[in-house]
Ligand SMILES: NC(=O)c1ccc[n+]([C@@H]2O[C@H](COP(=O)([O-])OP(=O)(O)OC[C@H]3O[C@@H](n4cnc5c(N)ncnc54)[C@H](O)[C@@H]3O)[C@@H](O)[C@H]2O)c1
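First, one chain by itself: the form predicted alone, in structure tokens.
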């Protein structure tokens, strides 16, 4: 078991602390935040040490830094952690710039350290069962596909939404990691992207919190449409937006030479997976409730019409699997090369929307190895 120090005591921290209830090798011992009161509140709630960022980086008892800062700070904090001799697991994306993320991967390799990155949702029951159907040729060669993630924006629920609408933020950086990582898991690495983006207004209003009613500036495109071509020749179309009130397509569809598959919400871990083969045939629904990381475990409706109120959320499995891999000298699945390639897709999508040109990716990666139920069981408590 490795001792974990958490930096960034914001909204997502609660989810990662909950991972201690599921996984047997996650042990938080300290937390830090640029706002000391946030760190103290977090430490008091979870009975751990409250430290400054410098203190947690220099604490010899901390083996792994969990970086939960805002995306614009991911590079700086992860670099400091690697320079301090700590393994790093970061929330998505690894950085807001590809070259910075590449520097982190190179630094981790140079210092013989592990660097891991969210999202880990593709390791859930839904993502892994979908992977089995693709690998077993149930739908033949995947030719095309599409997905959508769209809602009105984080100002609906977050008191400080500004960073999502500034340089380094936006819908593709925020939600693209889930869908692109799922696609690389299912299809392998990508090779190019074409894109179109639009900013529909220059300002938005704070809708909750102490600044409610005031406005803030919008600097980035809030809706982006694109298509990604993969090395296996499949082309998948996507739409990610902060401009949509309601829609009913909370999934991904892939179309093959023998049939089609509906991949469940890449933002969560569960299912079901839907499969259809012959023309006009009924969709076969495959439950993943019998999978360790597929069983429904939360009831928490976000208010978005496109999200199911009952979901599966096992965030932290990527961190747990990385710790297991450190201890057993294995390659972890949520590794730096995968995260770097996903960031390359993200940044290339944004560049393509700005330049109106097809952008060739600078990177590639290995398709993640499927995660078996036997391997998951090794990570779980009381199984």
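The structure presented is a predicted model; accordingly, all values stated were derived computationally and were not measured. Positions refer to the first chain, counted from 1.
What follows is about the form predicted together with the named molecule, which we do not show.
The named molecule in the predicted bound form: contacted by all of 131, 333 and 371, heavy atom 4.5 Å = Per the other structure, none of 131, 333 and 371 touch the named molecule.
Distance check, residue 73 to the named molecule in the predicted bound form, heavy atom within 4.5 Å = Residue 73 belongs to the contact set for the named molecule.
In the predicted bound form, residue 92 touching the named molecule (heavy atom, 4.5 Å) | Although the named molecule is absent here, residue 92 would touch it in the predicted bound form, with heavy atoms inside 4.5 Å.
The named molecule contact at residue 11 in the predicted bound form, heavy atom, 4.5 Å | Taking the distances in the predicted bound form, the answer for residue 11 is yes, it comes within 4.5 Å of the named molecule.
Wondering, does residue 53 line up within 4.5 Å of the named molecule in the predicted bound form on heavy atoms?
-> Residue 53: contacts the named molecule in the predicted bound form.
Of the listed stretches (40-48, 324-332, 352-360, 61-69), which one has a non-hydrogen atom within 4.5 Å of the named molecule in the predicted bound form?
-> Of the stretches listed, the one contacting the partner is 61-69.
158, 211, 191, 199: which sits within 4.5 Å of the named molecule in the predicted bound form by any heavy atom?
-> Residue within 4.5 Å of the partner: 158.
Partner-contacting position among 151, 178, 230, 98 - heavy atom within 4.5 Å of the named molecule in the predicted bound form = For this set of options, the contacting one is 178.
Going by heavy atoms, what in 162-195 lies within 4.5 angstroms of the named molecule in the predicted bound form?
-> Counting only heavy atoms within 4.5 Å of the named molecule in the predicted bound form, the contacting residues of 162-195 are 164, 174, 178.
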